[in-house]
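Two forms of a single protein chain come next, each set out by itself as structure tokens; they are called structure 1 and structure 2.
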Structure 1
């Protein structure tokens, strides 16, 4: 009888302790559950991004044939303002991924590759939970742009004093071809200029001799094109021809490609004068000159 009382009392106390513990830790558990859930969603998004998006947006979201998504102006509202979007960024991303971007924004109006529709409701391959994972993955990039107070600076960055600019008479330092080769991939150039598989079609002129219809590489073209009758640019040397191609792509549009330009506007993005530094352009030019 005494034992039953003791055991009974003990189990009541034990139950209270357990419940009390659960109640106290419930919030923590919810938070860590949410964290685990979010990180699984982001991981799923990362895998979907690698499989479907890197060919145009770059493997780190740095951009290529499509705009950079891992970019401060996407997260601080500057880009949404340009487009005239009133809603949240998540809603914009969800809409862009689901339905594509049928009306290309000004910077991409000549881009032959449009943002495809990915949502099943729009005839694409992805379920809505997969689109949500992609939204979570892209939103996660915003973390890197937050300052100490958790805000993303909106002031447009002061122009980089080392940016190459758009004057083809700019003085460039000596270039490092090996670094230029790495930059050509990191900056997304190769997505338009180097075929990933033999015979794959390219948006821009082939850099590699064995992918080029005339069997010549871009280094040789840089010497030969300025001497042709069609040449409309102002370059006086192969180096300057390459510089002009990068910072003033519309000064001369390479003839012969249906995807090279529209109405005198080159398809090559006009972003490099600000995006690339003098040293980076010098390195890329040194690399391109090795491709004969």
Structure 2
């Protein structure tokens, strides 16, 4: 009888110790589970972004044919304030991915393309959990902009001293055509200037000879066009012609395309003077000059 009491008491004490240990460690266990879950969600979002978003927003969200998503003005609230959004950034991203963006950002107002609906509820291909993964992946970029206190400064960012700027007389370094070809895809250029399939429509003038109405590639156009009567820009060389088309797209709008310009303004985004660095532009131009 005494041994039963002792064993029973020991069992009760042991049970209390076990439950106490679980209670003490539960918070850490749940935090560890949440970190692992968030990591998996971000990884899934990264894969979805690479498969669906890079052609417009760039391989690292730096922007291209569409607005930059890996940008301080998105995470510090400046961009949302400009458009009058009153909700959270997560809600904004979720809505934009799910239902698309019928209203273009300021720098893309002449672009005839709009962000399509990606959520299945709105006719798109992505499930709700995939949309949430994309939101998590984009939000993860905000960590790089936080200061020591964990906040994202609202002050205007210091201009990039290596940005190409908007002067077509700027001196560029020697270009690397091979890297320029990679950049053209990463920056979203090919999504507008290179047809993905035979007969597919283009948003901007064709780069490839077999997709161009006159059978000439952009390298040939850059060489010949500055000397023609139709040209209204100020370029004096093929390199300068291509530079002008990137950083001053409205200086000369290629005729023949109904989507190339609206009321004298090019539909090409006016973001590249600050978004692209001199070396990047030099590389892209070197690549374009190989396309005849």
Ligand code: HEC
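For clarity, a rigid core is taken as the largest C-alpha set superposing within 1.5 Å between two forms. Numbering follows the first chain given and starts at 1. Nothing here was measured: the structure is a model prediction, and the numbers come from that model.
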query: Correct structure when looking for the form predicted in complex with this ligand; finding: 1
query: Rigid core superposition, residue 148 Cα moves 2 angstroms or more between the two structures; finding: yes
query: C-alpha of residue 234 off by 2 Å or more between the two structures on rigid core; finding: no
query: Core-aligned CA displacement of residue 166 at least 2 Å between the two structures; finding: no
query: For residue 43, CA displacement between the two structures after the core is overlaid, in Å; finding: 7.5
query: Per-residue CA shift, residue 72 (Å; core superposed between the two structures); finding: 3.6
